[in-house]
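First comes one chain, alone, set out as structure tokens in the form predicted on its own.
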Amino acid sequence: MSSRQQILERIRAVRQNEQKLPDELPKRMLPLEELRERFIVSCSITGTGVHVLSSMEEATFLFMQKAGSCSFYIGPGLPGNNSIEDPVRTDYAILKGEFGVAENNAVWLKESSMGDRVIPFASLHLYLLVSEDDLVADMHEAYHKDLIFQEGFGVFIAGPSKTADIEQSLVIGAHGPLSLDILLITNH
């Protein structure tokens, strides 16, 4: 018997008590104020801009001010929705997120909210709009949401990508937008 076989036999001989996984993870319901605060703090830690606004119209107005005369895209379901000929050459894009995760400031985007799958990754500056009523505490709670499984494609987006692997120089927007701003709509 080879040494490999001997090692594998010893591993098989050790039996540990098997523990059954729970059928469902406990839900962690937090008050809205705490969810909002955690979401804003996680945005500031990751370098994601966050703007607390009172309405979708105010969010669209802020976006238009930032975009100015640059090429821009306003996603489906938002006031002033527009289409673009070449999504790869979009300077600014604003999309409506389904919900946000407070622990890591990730926002869930479903395919029908993007218009084109390339928009959240190819635009230079991305704005995601999410209502504070749609915040969840963590990824465990996020996966309890049925919205994740409604469409064939969706993505969690959290902050602009960064890498410092290449010659230890920080590169922001390595595989996505240079900046990400979240427009958090409050209900008061």
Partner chain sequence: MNHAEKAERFIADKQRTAWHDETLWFIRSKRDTAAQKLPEWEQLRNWASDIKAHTLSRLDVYLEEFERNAIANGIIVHWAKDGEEHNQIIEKILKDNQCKRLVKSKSMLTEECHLNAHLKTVGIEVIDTDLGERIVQLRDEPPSHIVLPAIHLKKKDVSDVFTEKLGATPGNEDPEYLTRLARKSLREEFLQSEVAITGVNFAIAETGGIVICTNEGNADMGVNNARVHIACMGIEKLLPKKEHLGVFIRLLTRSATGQPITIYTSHYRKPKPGKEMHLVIVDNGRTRQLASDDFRSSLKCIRCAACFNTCPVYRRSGGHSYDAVVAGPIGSILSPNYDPKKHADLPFASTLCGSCSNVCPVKIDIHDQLWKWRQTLTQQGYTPASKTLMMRVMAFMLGHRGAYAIAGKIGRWTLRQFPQLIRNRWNPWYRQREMPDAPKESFQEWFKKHQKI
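Residue numbers count along the first chain shown, from 1. Note that the structure is a prediction, hence the values are computed from the model and not measured.
Absent from the display: the form predicted together with the partner chain. The rest refers to it.
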Looking at the partner-bound form in the model of the complex, is C70 within 4.5 Å of the partner chain by any heavy atom?
no
Does I84 make contact with the partner chain in the model of the complex, using a 4.5 Å heavy atom cut-off?
no
Whether A158 contacts the partner chain in the model of the complex should be assessed with a 4.5 Å heavy atom distance threshold; does it?
yes
Does any heavy atom of K145 come within 4.5 Å of a heavy atom of the partner chain in the model of the complex?
yes
Going by the partner chain in the model of the complex, which residues of 80 to 108 come within 4.5 Å of it through any heavy atom?
V88, R89, E103, N104, A106, W108
